[in-house]
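Listed next as structure tokens is one chain, alone, in the form predicted on its own.
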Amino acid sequence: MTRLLRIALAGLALALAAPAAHAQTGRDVPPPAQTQNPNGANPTAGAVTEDQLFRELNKLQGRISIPDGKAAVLEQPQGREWRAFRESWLPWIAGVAILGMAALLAIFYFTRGRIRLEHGEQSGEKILRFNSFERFTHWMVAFCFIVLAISGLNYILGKRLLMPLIGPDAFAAWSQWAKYAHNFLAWPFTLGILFMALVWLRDNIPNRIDVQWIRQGGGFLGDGHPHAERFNAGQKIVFWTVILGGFAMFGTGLLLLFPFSAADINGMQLSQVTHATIGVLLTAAILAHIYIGTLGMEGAYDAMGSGQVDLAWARTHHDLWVEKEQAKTASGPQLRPRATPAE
């Protein structure tokens, strides 16, 4: 009897507890229709998505109270890519381009030798190749480019090659003055590039004669000398390299000289990469131009030195131009031979 009474009391207790548990569960878990805000909006709609988290994974950004909003970004992925190029790839590009060009020119010199006029070919008569303004423009650009190239290469290779030799203090002082020279000489360099484009553009338009000049190796391979006008195909290549590369250097350099005036941090990094790469390649190309104008070809330096070249030299390397110049004067060379003093 006592056992039956205990079972009955336990069943009564369970029966009384079931409605209370159901009521409590109903209060804790609202029906599906009540999972939204009173205005009907989904409270999880504005939550951060997985894609957003991944895009911000490598970026540290906060809030600032100063006007310069760029300071809010403490780190961004492109900065690491730019630094990797700046510290790893760029020095290798500079070294391979410049040292490689120097090695090729040395090999060419010791195998081909200096291009000379044949014995007895000097005529003693002179023809004006470049006037005073043309020579002034050339030497202004040449001087500025040499300083710009040296100061620019110091930015790339200075701490690796020069600082161990002269020490950090001297290197810091040298780099400061090199930067000043780089900034200020960029302006006359660009002005000279503009002058070159104005005075020599007409003579540097490519044509069929240039195709034949290239096919024959420009006289550097073999003994023949192909026809050429005032500027041959090789000189035209140098001209367009300097003009296009110079203006590209000026455009990217202007963005670097006035930071964030027309570009954000990504644009600044892209400008620096473009500026440095073009500068290195342009330096390697100008090395070949300097070689031909000095050591590589006899009589070539006179064109930009005194402006007057030997008529026989001009007929050998620029025969079509000589014909046009003589047709203008209708009296042979522009400059008569120098008088020989009586003995």
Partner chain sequence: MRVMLISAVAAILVATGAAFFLGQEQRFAYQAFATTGARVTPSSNLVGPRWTGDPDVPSKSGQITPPPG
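Numbering follows the first chain given and starts at 1. Not measured: the values here are computed from a predicted model.
Just so it is clear, the following notes concern the form predicted in complex with its partner chain, a form of the same protein that is not shown.
In the predicted bound form, its partner chain sits beyond 4.5 Å of every heavy atom of A228. In the predicted bound form, F184 approaches its partner chain with a heavy atom inside 4.5 Å.
Its partner chain is not shown here, and in the predicted bound form it never comes within 4.5 Å of any heavy atom of G299. Its partner chain is not shown here, but in the predicted bound form it comes within 4.5 Å of a heavy atom of F136. Only one segment in the set 142 to 150, 210 to 218, 103 to 111, 230 to 238 has any non-hydrogen atom within 4.5 angstroms of its partner chain in the predicted bound form, and it is 142 to 150. Distance criterion of 4.5 Å from any heavy atom to its partner chain in the predicted bound form singles out L191 from the list L191, L128, L244, I115.
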